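Encoded as structure tokens, the following chain is the form predicted alone, with no partner shown.
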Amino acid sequence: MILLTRKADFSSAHFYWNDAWTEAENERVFGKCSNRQGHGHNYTLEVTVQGAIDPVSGFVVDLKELKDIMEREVVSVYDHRHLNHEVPEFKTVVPTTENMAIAIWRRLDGKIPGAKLHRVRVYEMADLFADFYGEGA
């Protein structure tokens, strides 16, 4: 078994807001990130898969297919979008880096032929990222 990681980049806007809280509580907890106009980030996504190396190709997974799946399931949905307003999973969930990692896992899990999803890592900034290893991890 070997782990293989592929990266992709996308840009999105978001804000942090909990409808169950008052405006003052949202501002206290989320600070500037509670501005309902939103702000943007250039995200980096890392998708790590695990599996056996095919003895003929030498690959764990078809790299082009993995790139295409990441593009179709995540990048094309998140890139240049306002997550709160345009991405269904964030209509009721605060689009934090942690919640993005979980949502991306759910978008990719079971869709990568020949390999098992091992980890989703989302970088919001160079010094801030979240890892998710699956629902039962």
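The first residue of the shown sequence is 1; numbering continues from there. The structure presented is a predicted model; accordingly, all values stated were derived computationally and were not measured.
Separately, the form predicted together with another copy of the chain exists; it is not shown, and the next lines address it.
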* Considering only heavy atoms, tell me if residue 29 and another copy of the chain come within 4.5 Å of each other in the predicted complex. => yes
* At the 4.5 Å heavy atom threshold, is residue 128 in contact with another copy of the chain in the predicted complex? -> yes
* Asked: Heavy atom to heavy atom, is residue 53 within 4.5 Å of another copy of the chain in the predicted complex?
  -> yes
* Does residue 102 make contact with another copy of the chain in the predicted complex, using a 4.5 Å heavy atom cut-off? -> yes
* To do: At a 4.5 angstroms cut-off on non-hydrogen atoms, which residues of 80 to 99 are near another copy of the chain in the predicted complex? List them in order.
  => 80, 81, 82, 85, 86, 94, 96, 98, 99
